[in-house]
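As structure tokens, one chain now follows by itself in the form predicted on its own.
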Amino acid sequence: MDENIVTAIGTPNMALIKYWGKREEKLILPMNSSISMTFDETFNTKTSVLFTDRVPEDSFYINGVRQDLSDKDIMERFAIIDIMRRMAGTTSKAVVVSENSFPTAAGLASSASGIAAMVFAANSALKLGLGTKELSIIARQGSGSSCRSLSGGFVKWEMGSKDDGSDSCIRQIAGPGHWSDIIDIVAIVSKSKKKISSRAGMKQTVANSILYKARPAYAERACAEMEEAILKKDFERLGMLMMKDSNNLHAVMLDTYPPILYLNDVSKQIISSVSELNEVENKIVAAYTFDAGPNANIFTLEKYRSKVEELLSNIEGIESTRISKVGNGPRIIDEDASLIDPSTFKIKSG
């Protein structure tokens, strides 16, 4: 087959209404729909993909480290390469090299941006010509939340109802230019890898949390309200829904046995401080949300930005902050930016 190295940039997404729990494990079919905002390239994953008959085995590098493809978590994520190879009718080996510009496995959706970039690049390298919906179905099978990073703007991942997962795919609610003054201030409180993966955590929650039983139906209702808030650019409603959903998510995690505790003391101080700010302002000017990790995402509008930045600067334990606006989704970049050495088929040195 033709050998060409394709490199893509993907970005994470931050769920406003969260996905947590599967109705089917292998295809990663969610218990409820979810809605997210795609980040701009302040946070990004660059991934190069090559299919070739001139290497004896597949290889996969993340941040310069070769991954063990026999590891269960890595194998499950890399399986999407097999799906795409079968679609292309090839048995060529794959070389995949990925680099994150932000902490990996720390609750900042690095798997979402990484898999979205990998699927997007592989689609081009294999000349499959698949559209966003089809790519989202493939990406979902590597990491559920990654499917939402296949589109820019505000995105809904429809839970679907079919057993084969053909209707569990994404739909763009509004494009990147719809709400230009909304921002996400990401407060990094820990760069450490989380002790329990999202995949393991949600499986435990579904299995034994008493509170979780009510979450899927609640989340579906919240998605309908959130979509309306986005379309109307109603920040107060968006903020309220977002914070309630984050609280609910971490409540069902705490209700799991043994309990799952992703938030730390700094996370809790951020929650308290944001709540106090909104109370002083007598309206929602900032809204927090936490994925499966201690790092906070504080959504606000440009006109409130200085107030929120001042608030965060006074919280001890925040290591740094970075700001993202609404992003455009993945894109192919120049061949010169490849992470793969075309002469050795290995990670490019230097």
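If you're wondering where the values come from, they're calculated on a predicted model, not measured in any experiment. Numbering starts at 1 and follows the sequence shown.
From this point on, the text means the form predicted in complex with another copy of the chain, which you will not see here.
- Contact with another copy of the chain in the predicted complex, defined as a heavy atom within 4.5 Å, holds for exactly one of Ile74, Leu211, Ala224, Ile196, namely Leu211.
- Comment: another copy of the chain is not present in this chain, but in the predicted complex one of Glu220, Asp265, Asp82, Asp164 has a heavy atom within 4.5 Å of it, namely Asp265.
- Using a 4.5 angstroms limit between non-hydrogen atoms, Glu228 is distant from another copy of the chain in the predicted complex.
- Residue contact with another copy of the chain in the predicted complex: Thr90 places no heavy atom within 4.5 Å of it.
- Shown alone here, Gly131 lies farther than 4.5 Å from another copy of the chain in the predicted complex, counting heavy atoms only.
- By the criterion of a heavy atom within 4.5 Å, Ile298 is excluded from the residues contacting another copy of the chain in the predicted complex.
- In plain terms, the part of the chain that comes close to another copy of the chain in the predicted complex, with a heavy atom within 4.5 Å, is 249-257 out of 137-145, 249-257, 152-160, 120-128.
- The candidate spot formed by Phe51, Val55 and Ser70 lies out of contact with another copy of the chain in the predicted complex, as no residue has a heavy atom within 4.5 Å of it.
- Heavy atoms closer than or equal to 4.5 Å to another copy of the chain in the predicted complex belong, across 267-294, to the residues Lys268, Ile271, Ser275, Ile284, Tyr288, ordered by sequence position.
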